[in-house]
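Heads up, the chain below is alone and in the form predicted alone; it's given as structure tokens.
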């Protein structure tokens, strides 16, 4: 039987099976050099389950009555939800000062804006977007119907998001004026104001699930930052195609600063905005030039 300090060896064959299970269910690609991540992060889980090797664990993941629950538990352990409020503030400034004003003008008649924060982890991103909208609209906010949806595959991450309670590390990039306005300190924690919490809904969603995305209808803005880097090209193309289908013709897609989709799709054209890392559909880009 393993102990909490024992690292269980994972064979090449076991790694291939594990990585395929993860890919099939989440789209996340673990290449061979990342074998040590699965090996190190799951050894303690084997100890908890009183298993001696990864063959037993693979059987538990694929044939046991709790296989879906266990996949969720495993996923929480092998992924790192690295995020914070106001992460990459230069890109957020592009959203607030350039994209959002144009969107408000375009939606002046319907007064409805829909924003999807995909793979939102513990919720810092969609809550940040809610603060930007709250700050921009001010007293006009009550005149608008704002929908912000945060989705993630991790139920554990979503529970944190729904609580609205964060530690000091999560707010490390938050301007002091914003922090004073929208948070209340409670010991070592920061509790988000109800005004902002009520602007965002959360839901579990796997980016492989195109039908679930379709049920939510069309979005004006989609944020999916620092997620595509975990996918192979086939998965990236599928996700980008899904975003194209679910984005309004004049909508905007924001991705991470280290991500590039130019060679993977003709559905989007990058906007020539420094630090924007944002894309729109080619027909709309041409119509505005």
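Residue numbers count along the first chain shown, from 1. On a predicted model such as this, the values are computed, not experimentally measured, just so you know.
What comes next is about the form predicted together with a small molecule, which does not appear here.
Quiz item: in the predicted complex, which of the stretches 229-237, 40-48, 243-251, 57-65 has residues with heavy atoms within 4.5 Å of the small molecule?
Solution: Heavy atoms within 4.5 Å of the small molecule in the predicted complex occur in 229-237.
Practice problem: Look up in the predicted complex whether residue 83 has a non-hydrogen atom within 4.5 angstroms of the small molecule, and give yes or no. | Solution: Judged by the heavy-atom cut-off of 4.5 Å, residue 83 is in contact with the small molecule in the predicted complex.
Quiz item: Is residue 121 close to the small molecule in the predicted complex, meaning a heavy atom pair under 4.5 Å apart or at it?
Solution: It does: once the small molecule is placed as it appears in the predicted complex, residue 121 has a heavy atom within 4.5 Å of it.
Quiz item: Can you check whether residue 162 is within 4.5 Å of the small molecule in the predicted complex, heavy atom basis?
Solution: Output for residue 162 is no: heavy atoms all beyond 4.5 Å of the small molecule.
Quiz item: How about residue 207: is it within 4.5 Å of the small molecule in the predicted complex, going by heavy atoms?
Solution: Output for residue 207 is yes: heavy atoms within 4.5 Å of the small molecule.
Quiz item: Given that the small molecule is left out here, which of 153, 213, 196, 129 has a heavy atom within 4.5 Å of it in the predicted complex?
Solution: Exactly one residue meets the criterion: 153.
Quiz item: Which of these residues, 107, 114, 179, 87, gets a heavy atom within 4.5 Å of the small molecule in the predicted complex?
Solution: So the residue touching the small molecule in the predicted complex, by this definition, is 87.
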